[in-house]
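As a starting point, one isolated chain is supplied in structure tokens, in the form predicted alone.
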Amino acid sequence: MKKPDFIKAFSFSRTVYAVTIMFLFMPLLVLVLYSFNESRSGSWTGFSLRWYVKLFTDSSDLWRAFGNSAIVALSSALVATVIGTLGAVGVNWYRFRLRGYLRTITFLPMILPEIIIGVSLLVFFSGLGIRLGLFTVFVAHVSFNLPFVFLLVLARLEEFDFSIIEASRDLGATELQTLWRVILPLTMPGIMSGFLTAVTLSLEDFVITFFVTGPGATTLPLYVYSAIRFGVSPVINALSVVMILGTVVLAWSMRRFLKNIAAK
């Protein structure tokens, strides 16, 4: 019996989906596998935990770079989330002359090549005489994280039922009370999505960080780039597995948190 066309289309799309998922996750599986390899070379010689032991006992420079990345990622994401959320609320709530222009220009940091942003920030810091270091990396990460947070929160606000705000005003709430007790709780999924996006973008950024970093401000991507000249160490594989597990736990926890908010 001949299969209907929609069944063929469904089978084809399912196959394409499976191949795509395999293409995306196969490198991660290989990385996880070789983090347990006894040898430093690409050939499998046996199962071992030696690289995990070395990661936690003899990798001070690596952990220092990871610590710098974590500090910059969390702090810049927090600042970008606060500013981006308030900016999105202001643009969505109020009507002013440059409102459309402001929404359009927000896309620029997302469209421009990272090398242009990195060079422009380097020229900016040099012109002001600011010494390059973790502070300049922090400022740079806030600047390119802001548009992502702004747009994610703004997308959430555009689905917002503003009759609730009118109801809060009728009940005598001030603008600040309405913002704190009505708007922010209802836009929390967008805010948290923006925060996590900012953390991810900050942790993996290399190009912009390369231009604005200074002595003692090496982040994890810069450390890996420097170490790759001597070959990729299996310790990096072990750290990558630890970070993958941390990301999975964070994503699962955030999913439950957002589901609880939606249930309320």
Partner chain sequence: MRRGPGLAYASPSLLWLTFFFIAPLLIIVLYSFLTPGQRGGVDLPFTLNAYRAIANPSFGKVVVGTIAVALAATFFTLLIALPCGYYMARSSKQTLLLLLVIIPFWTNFLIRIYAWIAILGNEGFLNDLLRWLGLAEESVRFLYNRAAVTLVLVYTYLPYAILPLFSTIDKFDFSLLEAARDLGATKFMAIRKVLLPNIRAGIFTAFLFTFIPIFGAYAVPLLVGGTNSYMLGNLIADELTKSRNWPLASAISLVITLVTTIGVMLLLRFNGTHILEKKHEKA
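None of these values were measured; they are calculated from a predicted model. In this text, the rigid core denotes the largest set of C-alpha atoms whose superposition between the two forms falls within 1.5 Å. Numbering follows the first chain given and starts at 1.
FYI, the form predicted in complex with its partner chain isn't displayed, but the following is about it.
- Proximity of residue 237 to its partner chain in the predicted complex: non-hydrogen atoms within 4.5 Å are present.
- Under a 4.5 angstroms non-hydrogen atom cutoff, its partner chain in the predicted complex has residue 225 among its neighbouring residues.
- In the predicted complex, none of the heavy atoms of residue 59 sits within 4.5 Å of a heavy atom of its partner chain.
- Residue contact with its partner chain in the predicted complex: residue 38 places no heavy atom within 4.5 Å of it.
- In the core-superposed comparison between this form and the one not shown, the C-alpha atom of residue 165 has shifted by at least 2 angstroms.
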